[in-house]
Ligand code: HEC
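Next up: a single chain in structure tokens, the form predicted on its own.
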């Protein structure tokens, strides 16, 4: 039979582990920007890359590498990962999904991440991120 001091020690250890886990989860959530926390300078940042066919084609290539697994090949928000993990992702083919978002906001989200979406600045350079913004905009059905 366990002594009361051992049981108490185990309970304290368990509580400490739970607290550390909650702190890590809170820190991860705090590190991911919410759209309401996007700085005005980023919201108002103009897209320096024109949405030419070349830019959109490059954006499509990057989208296929990093985005389609969650956002879907067509941008409908039904990629394999999103379906498997039951994630609710916006439908980029619906013009209403991004109508209130500026290119600067989309760039900021790509660069810094959002909710469960990781940031992309390590793999993609600035112009490549802007090409990706142009491609995502092109997915909306007219």
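Numbering follows the first chain given and starts at 1. Remember, it's a predicted structure, so these values are computed and weren't measured experimentally.
In what follows, reference is made to the form predicted together with the named molecule, a form of this protein that is not presented.
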Find the only residue in 56, 49, 106, 42 having a heavy atom within 4.5 Å of the named molecule in the model of the complex.
106
Find out whether any non-hydrogen atom of residue 114 is located within 4.5 angstroms of the named molecule in the model of the complex, and reply yes or no.
yes
Even though the partner isn't displayed, in the model of the complex is residue 101 close enough to the named molecule, meaning a heavy atom within 4.5 Å?
yes
Indicate whether the named molecule has at least one heavy atom within 4.5 Å of a heavy atom of residue 66 in the model of the complex.
yes
So, in the model of the complex, is residue 73 in contact with the named molecule at a 4.5 angstroms heavy atom limit?
no
